[in-house]
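Shown below, as structure tokens, is a lone chain in the form predicted alone; questions about how it binds or moves come after it.
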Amino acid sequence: MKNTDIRVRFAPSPTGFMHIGNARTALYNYLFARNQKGKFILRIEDTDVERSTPEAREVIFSSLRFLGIEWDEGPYYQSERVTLYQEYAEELLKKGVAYKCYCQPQELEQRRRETQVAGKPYKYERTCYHLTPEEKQQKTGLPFAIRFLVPPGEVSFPDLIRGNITFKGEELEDFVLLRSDGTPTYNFACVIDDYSMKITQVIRGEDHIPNTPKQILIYEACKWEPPLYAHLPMIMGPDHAKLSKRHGATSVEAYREMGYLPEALVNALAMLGASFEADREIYRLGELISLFSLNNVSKKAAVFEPEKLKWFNREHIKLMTTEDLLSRLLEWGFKSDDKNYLSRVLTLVKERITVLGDVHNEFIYFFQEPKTYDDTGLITWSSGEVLENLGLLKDKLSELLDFSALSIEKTFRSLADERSVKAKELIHPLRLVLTGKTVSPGLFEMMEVLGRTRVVTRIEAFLAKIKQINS
């Protein structure tokens, strides 16, 4: 097989947000296709009419684009291919490898419950397969599903990650191909689509392993060569339970809204179940493409740790230029009337940002006066002597022509000497006054960015507020 013949697909159902697990599957397919110079196909499995929505479909598209995952073909929609599935089902009926099933859902559910009460696993009894010609004739005109007749014997397939996997034929029941309303089941539509789209490798989550023998049986019944399969390890939460909403955000859109970079999310997803180079964790998309191989994917479940994702995001922010970070922040939705000022703020705080939202949430004091002050700091730094020193500092800063960090620091040192106090006894209170917090970037550099007017105005406002409280 030539590399140009390699074709993989990502086939999500448009029923909700893009889950982290689905995003990892899409990424691995994309990395494999690009590494092998093959094609990445996008297929939307939307035959579940009740749950599929146009909004969820758009979320799939926007999430993939956000991550930088571009598809070469598609999107193809299963809902537009129902006639094709029905035609193939009719062919399987004619071959005698499928049969009509007239059993009603209520009947099947009742049998399933009775079997479970008896402590046994339920398996369809082939009731309709064993109907006599006369009994079938009596059911003419009644709605029916089409079931696949599972042959005896084992079903084996080589998994590109896990090695050979075997299922016993008696473990499989005669599964439905077409429902009574004419819509296909997942396993049947999947096979018809993968065959007609010439898919060569199916890379998907390990929860699909039980589906694979059913799909291979359909391939064999149709005399088609099945693709190669690779089942990715499960993604678990920090508590080693299956990743779910109780672990926090689990969708690409949620992390996007919080201000995570696509580079960081891609990097983190790529490391969920795969390893690349020793003693290295930070990769860009292009590097991942060149290094990716299914041989690097583990069988063991991967643990998704939100704290680790934060670390990835911090590291990727550090790699960005201030100009790129500014552009990304504005694209994300941050509002600014002064891009030059915002750029100076970002230069100062870039090393302290975990997500884009931190610029507003953690460093709001660059854009508006503090509305509250840290209680501990307020108690410590609101004595009469401190307030007097702040007043003197305000006067000196008001007269300072060169409002640079170096000049500001000299002013501090000079006043500290005059007042016979340590410089920190001026620095700590003023940090509280300017930010409302006891921790910030370097005070003098921060003051230079804030500018004389903001600094002096905030000192005046603080002194007035304390005077009001004490009066």
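All residue numbers refer to positions in the sequence shown, first residue = 1. Keep in mind it's a predicted model, so treat the numbers as computed, not measured.
Another form, the form predicted in complex with ligand GLU, is not on view; read the next lines as being about it.
- Stretch 202-210 is the contacting one of 297-305, 101-109, 148-156, 202-210, since its residues have non-hydrogen atoms within 4.5 Å of ligand GLU in the predicted bound form.
- Among A270, L356, L348, C190, the residue placing a heavy atom within 4.5 Å of ligand GLU in the predicted bound form is C190.
- Although the partner is absent here, A11 lies within 4.5 Å of ligand GLU in the predicted bound form, judged by heavy atoms.
- Contact check for F144: every heavy atom lies farther than 4.5 Å from ligand GLU in the predicted bound form.
- Residue contact check for F167: none of its heavy atoms lie within 4.5 Å of ligand GLU in the predicted bound form.
- Ligand GLU is not shown here, but in the predicted bound form it comes within 4.5 Å of a heavy atom of Y186.
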